[in-house]
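Before any questions on how it binds or moves, here is one chain, the form predicted on its own, in structure tokens.
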Amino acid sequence: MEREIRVGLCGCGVIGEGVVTTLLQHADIIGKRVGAPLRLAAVADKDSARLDIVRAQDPSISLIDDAFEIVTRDDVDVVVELIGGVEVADRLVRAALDAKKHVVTANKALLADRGGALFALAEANGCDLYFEAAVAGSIPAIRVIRESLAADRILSVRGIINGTSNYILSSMANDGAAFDDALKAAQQAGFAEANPTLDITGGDAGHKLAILAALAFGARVRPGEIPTEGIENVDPRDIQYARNFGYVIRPLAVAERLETGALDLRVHPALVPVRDPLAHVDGALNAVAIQGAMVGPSFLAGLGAGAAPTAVSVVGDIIDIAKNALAGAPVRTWSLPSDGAPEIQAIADLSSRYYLRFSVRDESGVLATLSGKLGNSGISIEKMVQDAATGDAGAASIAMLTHHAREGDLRDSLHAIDNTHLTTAPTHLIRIVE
């Protein structure tokens, strides 16, 4: 216990405050596990009220308003970046690495956009750059892929990696809430931001999936290249129809290497069979299912957001770095492997089963027209149910499950159907993932 490891924290919002609390309240057990004291030396935040909260817990911590001062301090060995965003965070992490400081970040947007360059810089400067908390909060998905399954060939990764979206869909299913009401409940419970756009449109999950794809497949992918759909168009009728068909709707992220060598990467709501473990991941929980060529399936579940779960992952990374430093071990940069820019399968070429909900006029000939236009593209129907009680006079709702079909062909059929006089609203499509 001769040497201490000193930490500088940049950003003391919800997660940052959780890191402060974890380091201070668990100092004894952390010190024993590291083999030396782990001391929070300095905290930077522009909000003085946040710094006052830190001061009340431990007045010996240096408090400053400029995060860039942290990286120049002689009493900081590890810089923790929790300010969020991309541009400023990128400059901050680069400055820390150039100053030969190890870095821990929870910034999925930064890593998804700039990860390759940052890991190269870390390696050039002999520094660690750890990021467990960037994906799925307390779930050690990153550690499992990069360490536990390092000797295996990953075939697929799929999961629920946005707690806000899962909370909303769970509320719609369990409480019968409309989407807007479920979103308000998520905001009141602290699971959704005042501006929830990145969560409900799938953007947040896209950032995380880009990181997972890099680790699992060596794929250099930007989030904008990943086909992404949000949950904002899921209707309570879809929830009920899915239940009647034996499915649950979940917000999924999917990554799979195809036999052609291309990658199937996508983020979207999906019908999941009730027998699938992902169907039972409720509320704000996250889960990641990994399929390895040798080990087969692995399933990880837990809290994917919130101060305490995410802080535990951040501090876990700090502990790993501290152990490396104390042992004089070579730096493990964990650079994201890269096979260059991969071919990503176009969503039109996806072969899947589909759930379709048609809003149509309640008149004769509708079913014949629907089945005829689907049949023209080789789309066959597996199951169907019609409900005339839609709340609109003279209107009906028809839900179908299809057999496997190429999505581009199905979309062509739906375009033709929606251009007839029979439909009263665009047809709603949700993919089935099994």
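As the structure is a prediction and not an experimental result, all values here were calculated from the model. Just so we're on the same page, rigid core means the largest C-alpha set that superposes within 1.5 Å between forms. The first residue of the shown sequence is 1; numbering continues from there.
From this point on, the text means the form predicted in complex with a small molecule, which you will not see here.
Contact check for Val104: every heavy atom lies farther than 4.5 Å from the small molecule in the model of the complex. The shortest heavy atom separation between Phe191 and the small molecule in the model of the complex is within 4.5 Å. At least one heavy atom of Ile161 is located within 4.5 Å of the small molecule in the model of the complex. In the model of the complex, the small molecule sits within 4.5 Å of a heavy atom of Lys208. For the residues Ile226, Ile139, Val76, Ala305, the 4.5 Å heavy atom test against the small molecule in the model of the complex is passed only by Ala305.
Annotated contact segment (heavy atom within 4.5 Å of the small molecule in the model of the complex): 191-199, selected among 191-199, 318-326, 145-153, 261-269. After superposition on the rigid core, the Cα atom of Ile321 is displaced by less than 2 Å between this form and the one not shown. Relative to the superposed core, Ala106 undergoes a C-alpha shift smaller than 2 Å between this form and the one not shown. Superposed on the core, the two forms differ at Leu183: its CA moves 2 Å or more between this form and the one not shown.
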